[in-house]
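Here's a solo chain for you in structure tokens, the form predicted alone.
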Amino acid sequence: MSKKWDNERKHDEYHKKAKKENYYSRASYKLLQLNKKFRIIKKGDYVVDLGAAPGGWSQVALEKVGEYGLVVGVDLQRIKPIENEGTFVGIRGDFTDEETLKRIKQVSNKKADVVLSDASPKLSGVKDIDQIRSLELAENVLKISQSLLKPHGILVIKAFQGEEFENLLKKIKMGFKTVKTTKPPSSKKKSVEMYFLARDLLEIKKKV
């Protein structure tokens, strides 16, 4: 990490706020803001968080689902322990792997109300390469969500803007009735990240 990055992080409003309010990541505020605007997660919901580590989004999801809700967090990296009135299940594994997908489905005998993914690829520092990797990751989340979600479920995916961004948007629109793109205020201004919010699965007639 560079001194410049470390200095920016120390003075970042949301980084300081996360430490004060005991969130694992400044990214928690992205989901808080998205949820406030679009009412994504409700009490009692079953939520799957793909690419969950360190656990910032899962923390927020648990707060929102309440004592009768369920949140399943999945990541190759360790997800920090989360204590809340809801039920949290952490799965360590590659969510693009069939075996990990089976483990997710074994947690509950019902389909998810919400699938979230704030996952980022391992960054190379080369803009075009990172954007392609981000879109590939988002496409994997899209495919997985269609086997996990209820018919009227909600999908939230992060992807980096670039040359192929519109193609990904088209693919998501092929699978869902309503699709929006949005960027929460806590997302850094210089960041090229954007979030897709998709509701209501369509009957799949084409591969996505």
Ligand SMILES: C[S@@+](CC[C@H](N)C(=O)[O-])C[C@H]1O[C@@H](n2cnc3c(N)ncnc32)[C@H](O)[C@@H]1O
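Residue numbers here begin at 1 and follow the sequence given. Predicted model, so just to flag it, every value in this text is computed and none were measured.
Not pictured, yet referred to below: the form predicted together with the named molecule.
The named molecule is not shown here, and in the predicted complex it never comes within 4.5 Å of any heavy atom of residue 136. Using a 4.5 Å cutoff between non-hydrogen atoms, residue 120 counts as a contact of the named molecule in the predicted complex.
Of the heavy atoms in residue 53, some are within 4.5 Å of the named molecule in the predicted complex. Taking the partner from elsewhere, residue 183 is found to have every heavy atom lying beyond 4.5 Å of the named molecule in the predicted complex. When you look in the predicted complex, the only residue of 27, 148, 172, 70 with a non-hydrogen atom within 4.5 Å of the named molecule is 27.
Stretch 56-64 is the answer when you ask which of 149-157, 32-40, 56-64, 172-180 has residues with heavy atoms within 4.5 Å of the named molecule in the predicted complex. Residues 74, 75, 76, 77, 93, 94, 95, 96 are the ones in 65-97 with at least one heavy atom within 4.5 Å of the named molecule in the predicted complex, listed in sequence order.
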